[in-house]
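To begin, one chain is listed below as structure tokens, in the form predicted on its own.
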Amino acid sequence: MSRTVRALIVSLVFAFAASALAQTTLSFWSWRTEDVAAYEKFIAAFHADNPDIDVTFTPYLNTEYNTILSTALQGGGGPDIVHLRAYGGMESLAQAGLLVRLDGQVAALEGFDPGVLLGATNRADGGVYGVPFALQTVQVLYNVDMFERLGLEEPTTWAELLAVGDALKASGVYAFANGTKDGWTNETLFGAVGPTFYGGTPFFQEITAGETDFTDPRFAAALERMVALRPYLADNYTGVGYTDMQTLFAFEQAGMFAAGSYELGNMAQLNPDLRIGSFAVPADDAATPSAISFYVDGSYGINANSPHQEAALRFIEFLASQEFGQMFTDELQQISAVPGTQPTSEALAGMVEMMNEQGTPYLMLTAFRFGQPSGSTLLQNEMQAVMAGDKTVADAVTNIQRGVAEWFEGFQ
């Protein structure tokens, strides 16, 4: 072997070793178990432009994620990239010093809507600790083919909604796929039904300012409308969990589903042929405005204890880019929080239009999850009991007001 060839081999070995040493692997934890394939595509796109950074996506069960993440971070461990819950779910981690503050570091955040950034903002210091990833709306989804087959139209009054429910039941399917076994799905049902009857954004502004509280008759009236839908839910609805609800709607055993916009992507995986429409729950008369809830679903943040801060920031900058936002929308059929992205399906475009025209903040999540007991926990548990017939709406109102008043300054 010539001296030149030997030198070339040695050079290549050192180059390979240097490349290997420069390789960084980021860990990325999430609760989005249903989105594994999509995130693998996102990560591959990032890696193509950043070959020195690998990212490992690890999702945990939705109901266990918060505890697993909090325990790991508080112990000084955890992932480099953190999929963060919104509002109060993010704030507690930021206040504990477990997250990296991103405003001033991620230039793209300056173009985000200020209202959207509130979902990733720590109220104590006003800092933004995450890149918001999605906006979700809560409304009624319906089976377009089933409606057409039965000659049904989107209802414009509450009476028409119930008439549609009666027609669906008469045809041999459930009117609504919804059940109440899983507590959080009761809040989703309220998010679809409630805003039209408590008065949407004006009520939200009043209650968050402390000008009224949960004993306001408008709030009880909204809860009563949930109760009025019990005859239209799936049989034995108190034992029907979230995955059951998805199955009933996806496989056309129910004509409607009070649910989040995120179900478009889920339904596309379960039944690609399902055509889905959506509408806001209507008021008693067509002239009264109806409303749907919307919220920031969460954000992407950086673990303050990550040993790979520079690489993590590069990945976060990618997650804040319009390239990623459009990819996210196209792949998952969800509303990206990144400015400038466009929905590419008729169903999602309709939800975006409703959000822009009829949207109101998702009441408990956006305003009353910043203390304990949280408004969400109270609403979920109380309405689960009410829907089962174990409590009255008046009992629920009393308990929700008493619980939130323990920490919400506006009620004190």
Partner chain sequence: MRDVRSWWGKHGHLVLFLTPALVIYGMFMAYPLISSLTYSVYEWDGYLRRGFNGLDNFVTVLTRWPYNERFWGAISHNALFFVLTFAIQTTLGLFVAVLLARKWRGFAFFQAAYFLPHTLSLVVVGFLWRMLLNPTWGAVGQGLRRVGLGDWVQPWLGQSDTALVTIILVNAWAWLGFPILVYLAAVQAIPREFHEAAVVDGASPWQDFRHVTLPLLLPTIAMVTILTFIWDFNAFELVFVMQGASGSPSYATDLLATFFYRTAFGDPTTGGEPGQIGIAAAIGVLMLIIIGFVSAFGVRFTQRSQTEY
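What you see is a predicted model, and the numbers here were worked out from it, not measured in a lab. Residue numbers count along the first chain shown, from 1.
A second form of this protein, the form predicted in complex with its partner chain, is not displayed here; the remarks below concern that form.
- At the 4.5 Å threshold, heavy atoms of N236 reach its partner chain in the predicted complex.
- Interface residue remark: T377 is counted as part of the site for its partner chain in the predicted complex, having a heavy atom within 4.5 Å.
- Put simply, P373 is close to its partner chain in the predicted complex: some heavy atom of it is within 4.5 Å.
- For the chain shown alone, R369 is a contact residue for its partner chain in the predicted complex, at least one non-hydrogen atom being within 4.5 angstroms.
- With the partner removed from view, the residue among T360, N381, S30, S27 that has a non-hydrogen atom within 4.5 Å of its partner chain in the predicted complex turns out to be N381.
- Only one of V240, L319, A94, V116 lies close to its partner chain in the predicted complex, with a heavy atom inside 4.5 Å, and it is V240.
- For the three residues T67, K181 and Q253, a heavy atom within 4.5 Å of its partner chain turns up in the predicted complex in every case.
- Heavy atoms within 4.5 Å of its partner chain in the predicted complex are found in one stretch of 351-359, 383-391, 36-44, 51-59, which is 383-391.
- Taking its partner chain as positioned in the predicted complex, the residues of 398-412 that bring a heavy atom within 4.5 Å of it are, in sequence order, N399, R402, G403, E406.
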